[in-house]
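Given next, in structure tokens, is a single chain: the form predicted alone.
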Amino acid sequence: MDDVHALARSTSRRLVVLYGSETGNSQDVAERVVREAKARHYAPVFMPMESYDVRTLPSERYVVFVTSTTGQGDEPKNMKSFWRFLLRRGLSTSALTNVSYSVFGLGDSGYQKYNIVAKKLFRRLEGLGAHAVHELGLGDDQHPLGYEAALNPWLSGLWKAMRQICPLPVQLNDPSDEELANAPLPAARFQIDVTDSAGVEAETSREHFERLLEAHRALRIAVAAADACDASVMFSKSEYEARDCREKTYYDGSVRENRCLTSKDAVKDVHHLEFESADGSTLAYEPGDVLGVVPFAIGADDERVAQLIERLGMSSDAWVRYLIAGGVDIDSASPRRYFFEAMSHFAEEKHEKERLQYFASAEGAVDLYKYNQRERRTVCEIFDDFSSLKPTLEWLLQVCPHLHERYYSISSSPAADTAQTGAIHITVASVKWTTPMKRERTGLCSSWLTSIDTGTKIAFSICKGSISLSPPEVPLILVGPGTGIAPFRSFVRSRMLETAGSSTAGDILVIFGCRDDQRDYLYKEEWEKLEDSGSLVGSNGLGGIVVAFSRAPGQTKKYVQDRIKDEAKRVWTLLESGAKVFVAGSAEKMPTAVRMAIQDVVKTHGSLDDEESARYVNKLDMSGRYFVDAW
């Protein structure tokens, strides 16, 4: 009888959950959809869009899509092939008439193309005849509660809508909130077999680095294998590694130079770092590419690692210390909601168990935000606050934030710098802030990078960025406050080498923003030298460096958007001569303010009204002449 029920469930209540994820957030949301679907007697099938045979989509009855938006409004890498298939012109408008679907998107309203991928996917599915079960859900990173502010009510509405089109058999009932809260934990995604309980201690800093890196890569492979298992597909380690290496190139290297670019009394410490490969191999990249760094800021012998292992009830053997230090972010990132749900099963004290369950509930979302996200509570701090927590290592690895690469725009030129010295450059601002509860916080990777000594071993990767340098004859308008100037330093240094002695080179107008010229004018000497030599001036005679000082003594505050307006005639002439606009820096308010400033320039000097000037800027965007790289 159980087999009969299982077969019925696998066919009539099959729910396909597909995700497109770049950083893991969309996958987290999709995993939550799967957990809740199982609790409500659905039979979810879960995988990234690239792993799903899109040709079988017309035969599905119920599908949930979760996707983020990346770069210049691009779809995530593991969605691209799926999306290309859906865009085929030969597909009929009735191709998906049997499919009932829903879409949840993750985005940042600080970007012009906020959640554009989810919006386009929703419309395309509708255009192919699919039926929307529920309204489009749009999670916004700018919301105080993050994307979960939209996710919680969207999920509630989704399950109500699904029950209308997929009712339960009479012998089954939807679980109550209490039943959901007290449901047993499923089996952990990982199984750990200890083959050598003692392990091997590292005797040198090089060996310590190598063991951390080995543990980091082992956990990444384990996660990929678990994802494949969830999707019911075969996993091949060699195929995974080959695919990973097609997307980025990995290097083991060391720090060649680390120097501070700002004064001691500057608000932020900004450092210029140079890395070189350990084996002298060529560092291949293009202007606009990015460099990823694995921040091994906590060593395997750190006291915090030992304390956490003690809470697991394990002996502090070398293998587990390296696994946690090299794979898990225990002292920087805040865990997600499911961490609290899972940990409630391992709290021995009743009041702590209830508190964790409350945090994991919809009713506790605001209090969880105040306790966790707003304070950026770390795993170590949560274990301090909940002293009866004693999870297994398997579950700790499953729900704790993993140690991920942090990405930085490359600020060197492949030809002008790396080819000459073998080194690649990044520009890093040490991130520091105070929480509402007056806790001092620092960015894990940025603080580590700005403090490490030359010669320190480091693991990094190079991958394609969201912007790239245009041909030499194309004029450029480069807007980059703060460390947003990093990719444009690469652009300019590369362009200078390309166009030396050329009479047809396009102008380069660099608009940089900082507080004042004595404290945080990054690469000041380089820019002033280029300005004095006229190297940025091209065939139109309009290139140069323009600086916005927001805190210069005795001067009116100026931001990059103000300087765009100050240089309105020059900006307009460059736009009309075919210039491309690149904007890089903080995603919070700056990109929107810059866009509005450019629209104001277009309106004034193009003698256009508001609607016409907005269309002009949108056309720049659509024709590949307006790019934003914000973080």
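For clarity, a rigid core is taken as the largest C-alpha set superposing within 1.5 Å between two forms. Note that the structure is predicted; figures quoted are calculated from it, not measured. All residue numbers refer to positions in the sequence shown, first residue = 1.
The same protein also exists as the form predicted together with a small molecule; that form is not shown, yet it is the one meant from here on.
Judged by heavy atoms within 4.5 Å of the small molecule in the predicted bound form, the contact stretch among the candidates 496 to 504, 126 to 134, 481 to 489, 528 to 536 is 481 to 489. With a 4.5 Å cutoff on heavy atoms, residue 102 does not count as touching the small molecule in the predicted bound form; it lies far away. Looking at residue 325, you'd find every heavy atom of it more than 4.5 angstroms from the small molecule in the predicted bound form. In the predicted bound form, at least one heavy atom of residue 409 sits within 4.5 Å of the small molecule. By the criterion of a heavy atom within 4.5 Å, residue 427 is counted among the residues contacting the small molecule in the predicted bound form. The contact residue chosen from 262, 372, 418, 332 relative to the small molecule in the predicted bound form is 332, the criterion being a non-hydrogen atom within 4.5 angstroms.
Contact annotation: of the candidates 467, 508, 379, 445, the single residue with a non-hydrogen atom within 4.5 angstroms of the small molecule in the predicted bound form is 445. Core-superposed comparison between the shown form and the other one: the CA of residue 299 stays below a 2 Å shift.
Core-aligned CA deviation for residue 401 between the shown form and the other one: less than 2 Å.
Fitting the two forms on the rigid core leaves the C-alpha of residue 311 displaced by under 2 angstroms between the shown form and the other one.
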